[in-house]
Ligand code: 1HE
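Read the single chain below, which is given as C-alpha cells and is the form predicted alone.
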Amino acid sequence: MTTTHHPSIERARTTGVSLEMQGAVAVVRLCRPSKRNALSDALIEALRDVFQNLPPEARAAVIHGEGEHFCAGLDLSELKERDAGEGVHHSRSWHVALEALQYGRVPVIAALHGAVVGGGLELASATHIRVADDSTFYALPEGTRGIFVGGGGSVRVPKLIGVARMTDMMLTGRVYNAQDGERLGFAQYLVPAGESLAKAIALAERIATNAPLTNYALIHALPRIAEQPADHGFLTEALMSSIAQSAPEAKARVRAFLEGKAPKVSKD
C-alpha cells in the first residue's frame, strides 16, 4: 500500500481516519479501536474531508474499522445539550459527510465486523456494497436512549430492511446477528470471521476495472431512478444510458466483446 499525502487527509489522521492506496483502491480505516471506533464530530468531519479529496487514481474505495468492531455508533461522551436549531445544523453536518460517501466520485464498499450499531449502521448504509463477517451484529439503540437517528438512518436503513423492521429495532433495542442481517439486506455478502476486509478489497479491485462513467452512473443515477415515477425513471435511464455508452472506454469494451476478446458471462 502507498500512503497518500493531502492536507485534509493529513488532518484526518489526527482525528482517527487513515487512507492508504492499494493500487486503484482507496482503503479508509477508522482508527479509534479503544472507543470501538465511535463517531465523534471530528471523525465525521474527517470522513467528509477524505471522501471529498480522494486521490485522482482512486477508482473504488473500502472503509473498515480497526480493532474488534467496525463502528459502535455515536461517541456519547460528546453528546451535549443543543437547542432545536443547533440540533438541526448538527444533524445536517452528518448528512453532508455521509453524502460524500454515497454520492462521491467512486463506489464505496464497507468491510463490517463486530458492532455495526447506531451511527455505525448509518455510516454503513451510506456505502454501496457491504461485506459482513460472522462476528457482525446490527442495532439501533437510539430509541431506548431517548434520542432519534440523525445521520441519515431514517432515510437509508428502511431502504435496506423496510420501515417496520427499523421501527421494531428502535422501539425494542432488537439486535440482529450476521446471518439474519445478511438475509434481511444489511449486507450483500457474508464471509467467515476475519475475512470481510480481504473480500471487500477484492470486490473493490474488480469494481475499479469498470468504466468510471458506468460506476458513476450506478452510484448516482440508479438510486435516484428508483425514487422517480416510472415515466421519469425511464427518461433518466435513457439519458444516462446514452451518455455512458458514448464514452470512449465503453466503446472500446463493446468492441472487444464483439471481437471475442472479452470474457463472456458464466455461472462460475
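No experiment lies behind these values; they were computed from the predicted model shown. Start at 1 with the first residue shown and count on from there.
Just so you know, the form predicted in complex with the named molecule exists too; it's not on screen, but the next bit is about it.
The named molecule is not shown here, and in the predicted bound form it never comes within 4.5 Å of any heavy atom of residue 107. Put simply, residue 61 is far from the named molecule in the predicted bound form: not one heavy atom of it is within 4.5 Å.
Contact check for residue 199: no non-hydrogen atom falls within 4.5 Å of the named molecule in the predicted bound form.
When contacts are judged by a 4.5 Å heavy atom cut-off, residue 186 does not count as touching the named molecule in the predicted bound form. Across the options 138-146, 174-182, 188-196, 154-162, residues that bring heavy atoms within 4.5 Å of the named molecule in the predicted bound form belong to 138-146. Contact check at 4.5 Å (heavy atoms) against the named molecule in the predicted bound form: none of 213, 219 and 244 pass. For the stretch 38-53, the set of residues having any non-hydrogen atom within 4.5 angstroms of the named molecule in the predicted bound form comprises only 38.
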